[in-house]
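One chain follows as structure tokens, the form predicted alone.
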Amino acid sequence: MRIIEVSHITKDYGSGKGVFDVTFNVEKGEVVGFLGPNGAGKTTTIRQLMGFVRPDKGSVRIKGMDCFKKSSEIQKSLGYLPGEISFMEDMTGNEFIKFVANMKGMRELDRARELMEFFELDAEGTIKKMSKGMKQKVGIVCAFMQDSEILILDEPTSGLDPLMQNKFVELISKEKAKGKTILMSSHLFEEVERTCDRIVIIRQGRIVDVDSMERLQKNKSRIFYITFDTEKTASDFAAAQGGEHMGGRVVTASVSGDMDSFIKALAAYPVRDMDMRKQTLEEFFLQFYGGEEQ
């Protein structure tokens, strides 16, 4: 069952900025990672899902409801964490959490207190004196405390230290086990690999790839680091098999798909040592961006 439906949406701000003919879906109980550099269109897409912006063309629906026309109804069953959180800086963290809970019609704050303990958040101080990481924790508590069946998270671990990033991954895994439906934009590839069922990659406002994490894991290239007996052997192998001669006796070679022909070719050369690793999601992602920054 499709919970989130983005169908051929265009929001053109001019000068190539915006999103163009963007289409993807999120199924019930699925965690989807939304990947792209800053300015690629992730937040623009999410803002349309939240009903803040109406698309020029196409449609966005959550649980079959138009996100612009039915935004107030949709948000009753949705947890949202914006990329840039608008805080009331003079409030304490606790006051802000209670304020958001009242807006959501929540009577109990047991879940909020549980999340604050989980993220080791002391929310007594005023928000304007909080660090970026503490503010992000407040935002996470507000997004998750309603125990919503749908979560839309824009760069949720921005500002968190590695320990808290791991805590967040643990939280997503628990929510996933409960059958929650989650759309999450992120720059942290390990975070996406550990939590997501599928990824959607956007570049310059257009979708360039949608794939399952399972299939990506299977199709990742294997990177071999091969040490030969002599520098000449290394050079000869690189020239014949398309590897990269790193200098000295070492060659790196990237192999995808069937490895049989590669192993047979390698067997014809004197090999002294060999290491292997799998291509990372970040390396896969950068194929679509030509190595450009972020």
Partner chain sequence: MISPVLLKREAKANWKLLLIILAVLTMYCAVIVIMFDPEFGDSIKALSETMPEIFNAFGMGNTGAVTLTGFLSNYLYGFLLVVLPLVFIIILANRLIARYVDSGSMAYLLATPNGRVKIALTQAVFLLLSVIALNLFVTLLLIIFSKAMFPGQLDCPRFIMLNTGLLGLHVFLSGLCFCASCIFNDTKRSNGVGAGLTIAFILIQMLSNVDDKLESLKYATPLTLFNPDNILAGEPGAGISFIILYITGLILFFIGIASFSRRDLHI
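Keep in mind the model is a prediction, meaning the values are calculated, not measured. Positions refer to the first chain, counted from 1.
Beyond what is shown, the protein has a form predicted together with its partner chain; the following relates to that form.
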{"query": "Interface segment, criterion being heavy atoms within 4.5 Å of its partner chain in the predicted complex, picked from 220-228, 75-83, 110-118, 199-207", "finding": "75-83"}
{"query": "Touches its partner chain in the predicted complex: Val250 (any heavy atom, 4.5 Å)", "finding": "no"}
{"query": "Non-hydrogen atom contact Leu171 with its partner chain in the predicted complex at 4.5 angstroms", "finding": "no"}
{"query": "Interface membership of Phe96, its partner chain in the predicted complex, 4.5 Å heavy atom rule", "finding": "yes"}
{"query": "4.5 angstroms heavy atom contact with its partner chain in the predicted complex for Lys63", "finding": "no"}
{"query": "Contact assignment for its partner chain in the predicted complex, among Lys129, Lys178, Arg215, Lys104, heavy atom within 4.5 Å", "finding": "Lys104"}
{"query": "Interface residue in the predicted complex among Leu266, Met50, Val255, Ala238, criterion: non-hydrogen atom within 4.5 angstroms of its partner chain", "finding": "Met50"}
{"query": "Partner contacts in the predicted complex for 114-139 (non-hydrogen atom within 4.5 angstroms of its partner chain)", "finding": "Gly139"}
